[in-house]
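What follows is one chain in structure tokens, specifically the form predicted on its own.
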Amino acid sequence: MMTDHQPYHILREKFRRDYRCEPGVIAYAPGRVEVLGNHTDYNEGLVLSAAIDVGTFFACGPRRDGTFRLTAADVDETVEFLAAAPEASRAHPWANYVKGVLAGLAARQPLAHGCDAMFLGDIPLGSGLSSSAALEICAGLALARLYGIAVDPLDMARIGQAAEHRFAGVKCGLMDQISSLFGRNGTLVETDFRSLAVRNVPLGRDVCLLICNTHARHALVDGEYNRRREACEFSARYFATVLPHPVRALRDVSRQEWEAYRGGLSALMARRAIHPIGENERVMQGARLLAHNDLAGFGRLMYESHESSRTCFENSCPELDLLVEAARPIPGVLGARLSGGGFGGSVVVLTQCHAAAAAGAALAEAYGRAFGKPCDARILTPSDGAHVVMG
């Protein structure tokens, strides 16, 4: 149960102490790990991901005035603003995710009062496990309940995405938010980002996911993420002019068509385009392999995915590359790749459960030899998605 999580008890006690009242609502949202399908969501493609067993809690209660008071419990910082007029701020960028969600809810229904709110989680920041989406979703669920606003899960995902776009400056897709909302214990979340059809795919009892956090810099708002997205959109517009069928996104371009027409793009743009095209193929193949319990074949696709990230999309880094290569000879390891936007963060490793602890220790040691300090390695459990815990 989520109420067994230590952050839940710490948050509830701090809320009582700082605000001198009980929270009216508490919601929880997990982080996510992207297992296959990198930068495919905004290309209207396919992703296999999982909600994980670390996440964020958001507690809130009503005020009698129109003030919104928000505290980040981990750093003990508080901001205040008018609930009816949230605006992005450079002074406290962590608050922008909640402000953006509040703006999305207020667009659906006027807010009748202010709010005292506080959040705390155990997702390692900068790890590529989407602490930002977890914050957006748990804030959205809690505030929607507090203000009596009905929002279905896909619309809640869109509200979180809009918060990233308009308040945090990251033009993300919907993968992080959908993964956090639609997770189910022991399964991967397969999402078609054109139809937004979601289904849960069993991962298998004999394997688990190991996450290795490099602590390498992972700041997508610096622009690299947005530049990759712009390259994909540019390439899609090009293919729309040369292919005999409609092209709305790179989802509509096959590898064979890319081979035939890539000469009309610069070498850089062609490399950028083939990454999500190939990733869509790998997700479709990966889902078939999971259905036949071919976990070794699925692991090979993870290695292929990372190589494409490294050479075509160039969203890897030396720290991530070292871990992926170090994983290959370790007994029991089936596959490894970067997870999330890239440019730092974490590597996700598919390993047989009995070998997970030894594999994590070996990877931490290999990373320490290369970079002077071991990476953090922990076993992740595909877990249930976001929900209201109290209220």
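This structure is a prediction, so every number in the text was calculated from the model and none was measured. The numbering used is simple: start at 1 and walk along the sequence shown.
Keep in mind the form predicted together with ligand ADP is missing from the figure; the text below concerns it.
None of 192 to 200, 92 to 100, 243 to 251, 315 to 323 except one has non-hydrogen atoms within 4.5 angstroms of ligand ADP in the predicted bound form; the exception is 92 to 100. Remark: G121 counts among the residues lining ligand ADP in the predicted bound form, judged by a heavy atom distance of 4.5 Å or less. Remark: E164 counts among the residues lining ligand ADP in the predicted bound form, judged by a heavy atom distance of 4.5 Å or less. Ligand ADP in the predicted bound form is not approached by E233, whose heavy atoms all lie more than 4.5 angstroms from it. Ligand ADP in the predicted bound form is approached by G128, whose closest heavy atom lies within 4.5 angstroms of it.
Though ligand ADP is absent from this view, in the predicted bound form it lies within 4.5 Å of a heavy atom of just one residue from D294, E257, D74, D155, which is D74.
Screening A273, I211, L135, I178 for any heavy atom within 4.5 Å of ligand ADP in the predicted bound form leaves a single hit, L135.
In this stretch, 246 to 262, not one residue has a heavy atom within 4.5 Å of ligand ADP in the predicted bound form; the partner itself is omitted from this view.
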